[in-house]
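Taking the form predicted alone, here's one chain by itself in structure tokens.
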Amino acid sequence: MIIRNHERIHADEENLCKKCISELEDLYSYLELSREELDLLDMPRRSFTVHFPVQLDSGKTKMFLGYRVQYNDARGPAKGGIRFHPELTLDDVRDLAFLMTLKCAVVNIPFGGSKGGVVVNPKELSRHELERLTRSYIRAISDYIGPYKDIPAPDVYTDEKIMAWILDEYERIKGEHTPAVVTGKPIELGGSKGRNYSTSLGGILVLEEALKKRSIRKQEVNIAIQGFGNVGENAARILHERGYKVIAVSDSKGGIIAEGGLDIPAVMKHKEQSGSVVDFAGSKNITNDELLTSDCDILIPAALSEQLNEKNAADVKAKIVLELANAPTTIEADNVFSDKKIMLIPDILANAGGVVVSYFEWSQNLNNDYWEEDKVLEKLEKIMVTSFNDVHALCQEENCSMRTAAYQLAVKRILYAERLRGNL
């Protein structure tokens, strides 16, 4: 199988949706939105449900259910992933499409938000069945996606190989090369350099701006990272390469800490050989809970949701929390951090680097102009730094949390676009 393990991502993003919606209910009241503005934000612009057949290896045909929701496209074509998940519902897809709308608005890229997927357990399909499922789903929604309508991307249980099948099937239907119809493709088919670690790098770029705001030098900080999957491992690697001291990391089996700092390349090699960061030479084994309350200056939750909560928030010693995971902090913990003057950089901003580089991929495809990695990273830095400063300035102006400021900025940008179009 070509699918990686994403079992917890679905639940984590559900938690992110719940938290976001709870925050927005308070924000809508604070912004004193009109009935017309509330109605516009309350429902997606378009929702599609499709029912399509797939031939199984046994020769039998099975019907599958798929969805695509385009929540808002006032700021540009809709943008959002495709997921294959056995518990997927239309409500899930709608809420996640709304989150994508907000995320694109926060980093001010010219996209709206969408999401889609198929109700299926891909682990139960062979490679050929998975390909036939993907192609059948794209045939069912092909009239509703496109470079100027809605651009899919990888999500839960989908990857660059599936994006290649999507591209190929769409081009067969349309009879022309259209690489900009989907992002997250292999580089050989028009994918962008730098995309595989863009989420991690984007977060580190906003972290460095936060350090400037707090007048903290890199030589003065100790960093702890919960999660050593793709995002957490790349974050640790990039921080180590930039001269930061990472003192603690963890994975699902446990964590390690070394007050003098960890040799991250050696930790990566140890995990590759042993399957975990635990028992790394020269470090002390700790639990994930101990990592979260360790004596660090910067805490980066890059694993599961709701890890920082009312039980441990008071014990967090970090000065800055960078949310690379989805919804790692509960509302109760948010309030504790606010009282303790801990700067929390919210997920909607901190982990937006992935969609920013997806935007670059789309732009490169449209212009048939493929950039070297340095150019991708330079442009990513400009957008992430500008976005952080926009959110931070509003946070200072309104005397609110960074999370509230990010949501407020996103909502204002979406409504302004709707107003310019004459829809309000």
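Here the structure is a predicted model, which is why all the values come from computation and not from measurement. The first residue of the sequence shown is number 1, and the count goes up from there. So that the term is clear: the rigid core is the largest set of C-alpha atoms that superpose within 1.5 Å between two forms.
We do not show the form predicted together with a small molecule, though everything after this point is about it.
- Residue in contact with the small molecule in the model of the complex (any heavy atom within 4.5 Å), chosen from Val181, Ile138, Ala303, Ala153: Ala303.
- Between the small molecule and the residues Asn108, Asn288, Thr330, Asn222, the one pair within 4.5 Å by heavy atoms in the model of the complex involves Asn288.
- Mapping the unseen interface onto this chain, Ser252 counts among the residues with a heavy atom inside 4.5 Å of the small molecule in the model of the complex.
- Heavy atoms of Arg195 reach within 4.5 Å of the small molecule in the model of the complex, making it an interface residue.
- The small molecule is not shown here, and in the model of the complex it never comes within 4.5 Å of any heavy atom of Gly282.
- In the model of the complex, the small molecule sits within 4.5 Å of a heavy atom belonging to Ala325.
- In plain terms, the part of the chain that comes close to the small molecule in the model of the complex, with a heavy atom within 4.5 Å, is 229-237 out of 86-94, 172-180, 259-267, 229-237.
- Shown in the overlay between this form and the one not shown, fitted on the rigid core, is a CA shift at Pro186 smaller than 2 Å.
- Put the two forms on the same core and the Cα of Val206 is off by less than 2 Å between this form and the one not shown.
- Remark: with the core as the superposition reference, the CA shift of Ile151 between this form and the one not shown stays below 2 Å.
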